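Have a look below at one chain only, the form predicted alone, in structure tokens format.
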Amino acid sequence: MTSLALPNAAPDVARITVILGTGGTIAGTAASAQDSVGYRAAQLGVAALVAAVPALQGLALEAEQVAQIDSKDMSAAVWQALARRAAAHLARPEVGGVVVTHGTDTLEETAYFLHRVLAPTKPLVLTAAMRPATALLADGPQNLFDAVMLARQRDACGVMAVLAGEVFAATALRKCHTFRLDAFEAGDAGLLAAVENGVLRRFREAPAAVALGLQTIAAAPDAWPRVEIVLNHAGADGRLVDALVAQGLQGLVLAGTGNGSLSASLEAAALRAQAAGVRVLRASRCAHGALLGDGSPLPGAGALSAVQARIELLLQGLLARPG
């Protein structure tokens, strides 16, 4: 079982913390300091983000730019590059932990992807911001500082995210608000910890995981399986599923209503897809709660969100590739 540092644990001052930049709002800029919405993401490099936090100066840090994108444009190619660079740095004996600066839009997807592929025994901490770097009260500098402090804890391990003073397990992270600084929640699982005046107060242990390994994602990104999410809603008739199957769909996540329920027509289309060899998982479009057994002929995703279930099917498809 992985665990977070105890509240009185000391930082690992002897080892390096590597900060990997991918862009996002934390690296965004706007024409006016009063503008926290009309900005351009991914305008500043990760070295500039580190330089803007005086409290980080003098620490043993390295910064590397892996990508420079708005996270709405996250791709398999960036995931692959990020996983490889994170694994390479985590394998270095002189590195105590890795921080990833990221956009908030797909933060929960990247966190879960890294959790499943790497499951590191050192801390791999993702952080982001809801306001651009040029905002009057930018949240990025504090989030970055908290992430570095968490990555420097001797007893910390696994993939986590820290935002607005809250520490999340990769499995529980959910973006639940469009604009607030505390835009993320941990649902029924709850937070791992809170950063309070520079002290890490632990609430629970992080879930254990077995790394699938970089070999799982070694295929060229354009050869990764096509996995899509289809939402159940009033009037859902299943024609979209049929069309996707005709286009070569290999994995299908159904974001069902309530406890993963589907309209009769959508369920029938999903069963046809499953019979045709498409991997299918049912999740819920609800923000919180796990699927409970309901006798459906289609497998459920348990406590996974729809986007996490998509990553599971993606990785299953990669694992099943010949060779």
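For every residue, the number given is its place in the sequence shown, counted from 1. None of the values given here were measured: they were computed from a predicted structure.
From this point on, the text means the form predicted in complex with a small molecule, which you will not see here.
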> Counting only heavy atoms and a 4.5 Å cutoff, which of 240 to 248, 104 to 112, 84 to 92, 214 to 222 contacts the small molecule in the model of the complex?
Replying inline: 104 to 112
> Applying a 4.5 Å heavy atom distance criterion, does Q80 contact the small molecule in the model of the complex?
Replying inline: no
> Counting only non-hydrogen atoms and a 4.5 angstroms cut-off, does G21 reach the small molecule in the model of the complex?
Replying inline: no
> Any of the heavy atoms of D70 lying within 4.5 Å of the small molecule in the model of the complex?
Replying inline: yes
> Should K175 be classed as touching the small molecule in the model of the complex when contacts are defined as heavy atoms within 4.5 Å?
Replying inline: yes
>> If the cut-off is 4.5 angstroms on heavy atoms, which of these, A41, L291, V46, L56, is the one near the small molecule in the model of the complex?
In response: A41
